[in-house]
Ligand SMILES: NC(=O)C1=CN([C@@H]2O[C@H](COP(=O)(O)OP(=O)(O)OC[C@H]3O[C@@H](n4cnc5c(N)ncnc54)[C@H](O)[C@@H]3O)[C@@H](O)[C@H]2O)C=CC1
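Coming up is one lone chain in structure tokens, specifically the form predicted on its own.
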């Protein structure tokens, strides 16, 4: 059970704090089992007030943890691994990197070859336990796999994928939340232009997007199948959709996804 494990998030930035918030929402999770480290800990004061261990000592955090999450920037991963390697016990700890673009092979260039290592890519919806997290690993046994799955299931939903898809998963799941938010902002702006105040427009758009996502999840249908139910002949929906397509809506979305992927894959 994840509630019985000690978890350390090293380099606790935006993504790390989202995961921490999601874990603390679990009724069976003891804040004392969570350690967060950061060079400047002032921004983590709210977690410390809840009983979470907060400090800047990465060695101590890693030594006493069962699961060690690296929330540092990609360019800092190697340095942090070298720092904490002396206290890592391959028989005890699982190491999970949240860094984009840093491969398992690169990490094993520093780590003991027996260390069970994962890569994971959640998104900031972990903050409300609604993240999608893609994970990959080397040499994990079924129990270890289940521990990592339970960790990320506690903040949303987890999918195991091949490592060669991790960059694509980052774009679709992590960058993707920003794409959706930008789309929502545009819808709100349109709503204001046609007469709503910003608060009311936001409420309508937020629930509309939430409803659309739940429709896809619960009915397991292709988006176009649901769109067909809304688009009536000569209706206002098809006119709006066609105008968006004339302006390059779908093309811009696809090109944005590919541009983000190209940036990571370089």
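Given the structure is predicted, the values throughout are model-derived calculations rather than measurements. Residue numbers count along the first chain shown, from 1.
One more form of this protein, predicted together with the named molecule, exists but is not displayed; see below.
Tell me, out of 95, 151, 121, 126, which residue has a non-hydrogen atom within 4.5 angstroms of the named molecule in the predicted complex.
Among 95, 151, 121, 126, a heavy atom within 4.5 Å of the named molecule in the predicted complex occurs only for 121.
For the chain seen here without its partner, which of 30-38, 207-215, 194-202, 233-241 has a heavy atom within 4.5 Å of the named molecule in the predicted complex?
The contacting stretch is 30-38.
is_contact(residue 14, the named molecule) in the predicted complex, heavy atom dist at most 4.5 Å:
Yes, contact at 4.5 Å.
Please determine whether residue 139 contacts the named molecule in the predicted complex, using a 4.5 Å cut-off between heavy atoms.
Residue 139: no, not in contact with the named molecule in the predicted complex.
Does the named molecule come within 4.5 Å of any heavy atom of residue 73 in the predicted complex?
Result yes; residue 73 sits at the interface with the named molecule in the predicted complex.
With the partner left out here, check for me: in the predicted complex, does some heavy atom of residue 116 sit within 4.5 Å of the named molecule?
No, residue 116 stays farther than 4.5 Å from the named molecule in the predicted complex.
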